[in-house]
Structure formats: C-alpha cells, structure tokens
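Below you'll find only one chain, the form predicted on its own, shown as structure tokens.
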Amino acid sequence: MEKRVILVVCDGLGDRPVKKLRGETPLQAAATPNLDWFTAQGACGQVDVIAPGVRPGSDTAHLALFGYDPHKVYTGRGPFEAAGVRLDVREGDVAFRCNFATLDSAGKVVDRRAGRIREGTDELAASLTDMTLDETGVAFREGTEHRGALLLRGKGLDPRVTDGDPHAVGVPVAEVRALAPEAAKTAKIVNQFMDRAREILSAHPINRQRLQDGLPPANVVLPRGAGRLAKISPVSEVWGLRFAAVAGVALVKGICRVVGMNLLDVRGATGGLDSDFDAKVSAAMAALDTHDAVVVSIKAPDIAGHDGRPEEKVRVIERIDRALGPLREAFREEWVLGVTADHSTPSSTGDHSADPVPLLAYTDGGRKDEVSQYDELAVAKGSLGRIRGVDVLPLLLDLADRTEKFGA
C-alpha cells in the first residue's frame, strides 16, 4: 500500500545545553508527550543537513531536505525571498533578501531588525518600489516582520556583489562592492537604492510615529544574499509525486514555490512567534487527502534561538508538541510522519551551528527502536544513525512504499 508523507520541519530546533535550563537544551527541557510518543513508536536518528561541520543556512538546508543538492542549485538566498513575497522573479533578474533596520543619528546600525517591526511594513515597502535607477527596474516588497526582498531587472546585472548589511551593530551600513568586473553596475545600483531608501524612510509617516511612540524607526534597508534564480527541476518531476506545503515565512514559501509545491494559504500562518501551529497541522492533515506528501514549516524555534531566549524556545517547542496532538489522535495507517529541523540555532550563540538535528520517522508497521525521548542526544542512539539532509525524504518515501528498486 502506497502511503502519504507529512514532513514537519522545525526551523532552528536544535540547541546546546543552557545553564538557565539546568544544563539541558530547550528540547530536553520541554514537555513533549506527543513527540515522545511518536519517537517511542518509531525510529530515530541525527541529520547533518548539509554535511558534518557545515553550518547550514535555512535556504540551503530546505533545498537539501527536499532532495536537492544545494551545491548544484543554490546561487543565493535573494531569489527565494523574492519569490516568497510574490515578486515576479525572471531569468536574468538579481534579487536580495533584506532587513528593515535602524540607523542612529551618526549613521550607525543600532538594530538590524528595527525592533522586529511588525506593522506598517507594507506602507514602507510601497514607498520603495517601482523605481528606475540607471535604466534598471527596482521592485521591493515586505516579508514577515522586518524582512523584505529587493528585485533588480535590466541589462548588465550580475549577482556577484558584497552585502549592504554589515551583519553587526554599532557600525555604518556597508558599501556594496563588486566581486567581479561584470558586477560593477549591480553594486552601483544597490548603493543608490540604499541611499534613496534611507531618504524616503527617514521622512515616512510610519517612522515618524514610531519615534513618537519610542520605537526604533525602520529607516534603512540592508540587502544581502544576492543571487539569480537557478534552473531547478520541479519536485513533482524529481519524485513523481504531488507535494503541498504549509509555511509562513517568505524564504520557505519562496523555495516551495520555486520547486513547484502547492503552497497552501493557511489563516494565522504568520512565520512569527504568534503563528498558529494548530492551523498549520490541521491544514496539512487535510491536504494529505489530495497530495502524496505535505511539508509543514515552523519558524518560531529559530526566532527564539536567534534572540537568545531559551525559555521562549521551550514554550515554542511545547506549543508545537500540543499542535501534534490531533495528528497523533487522527493518525492513519496510510500515513508516514517525519519530524526534523533545517539546522540548529543555539540560544547561547544566537546563530546557526553545525550541530546535527534530531529526526524521527513513524508509520504503522514501521521499525521501532529503543529511543523514547525526542531530543538532540537521545536520538543519537536511534536505528536511523546519522544521515544527510538529502537522505531524509528518500527514507520517508521508502517507508511510504514509494521508492523504485535500484537494479533487477
């Protein structure tokens, strides 16, 4: 019997021991009865999403988990962010992921996320789009919270440029430089855009109100991750299956769109800490009636990790676990469940690490190992061993009896 797969990807789920949590990771400290039940009834292991010792980005990691070799198809994060916010990315365009950020009166970056601005970004973005700079069309659109995407369209563009984001606070905005002679025009245009955006945003009513309310203004845009859209075979051709996806954050939405997954519109799927996990899981279960596989992306653990808030990460994990309760109760014999992460985001570092992430795989009649708790170290004793990200989907599809035999 061919089964259907649901893959839950908890962004930034992995962590390291935290003193505030009695030396446990947030996943170890959290109460996770549903994850533990699936673990005890299934098989577990660890995943080096790219390779041992390689710190994955969320973009390269998701490509790997979807079965693509990121070394072959990844050219930069920008095109996925642009696709994720529904910009029309075409061949030859150069795109960037961006942050709304805050500059002080001395021109130094004091907050790379403008206080994680949540409201008014649509109005701010609208003031920055539909420009023409040096005969190049410029489009900008807001993403989740402080995020956005910048798209350049015109002749003579090349993505080989440095970031305008200095990736630090207390320093000025970085001047974008060409990394190849062919990219000189692109660098010039991006610098012009940042200067123009700073002028527009500094005078924008949204930011004037934020200053009056004691909030950091979103008075600059920091572009990074330039890239062109690579030629990627649709996931339906790679696996011969119908895929759907539930995601809130623009990056993952963009990747899902680019690889041809049916992106489901779920009310409350914000991509932030307030995202409705229950609605996501419910939509995924319903989609299993019409699709062969469904991916559920949950961004919140990564946010808590980046913010250095291990207690918040514990609360997020417990919310995820509760959202899996109805899935456990309704689980059918023709379903396969996989739960993993795209990378670790230790609360102690506030950034991605190369620590392997946990994986569980469960289906009725599948192999069961002796692991009974879902956390970073317990799963290391599981029967699935330590695998790569590109191996996750084939493993789950084989449990679903949907793989082809190699050889006679």
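None of the values given here were measured: they were computed from a predicted structure. One rule holds for the numbers: they count along the sequence shown, beginning at 1.
Omitted here: the form predicted in complex with a further copy of the same chain. The next part is about that form.
Scanning K155, R267, H167, H71 against a further copy of the same chain in the predicted bound form with a 4.5 Å heavy atom cut-off leaves one residue, H71. Although the partner is absent from the chain shown here, V54, T60 and H352 each have a heavy atom within 4.5 Å of a further copy of the same chain in the predicted bound form.
Stretch 71-79 is the answer when you ask which of 71-79, 156-164, 274-282, 170-178 has residues with heavy atoms within 4.5 Å of a further copy of the same chain in the predicted bound form. Mapping the unseen interface onto this chain, R22 falls outside it, with no heavy atom inside 4.5 Å of a further copy of the same chain in the predicted bound form. Within 4.5 Å of any heavy atom of a further copy of the same chain in the predicted bound form lies no heavy atom of G389. Heavy atoms of A380 reach within 4.5 Å of a further copy of the same chain in the predicted bound form, making it an interface residue. a further copy of the same chain is not shown here, and in the predicted bound form it never comes within 4.5 Å of any heavy atom of T340.
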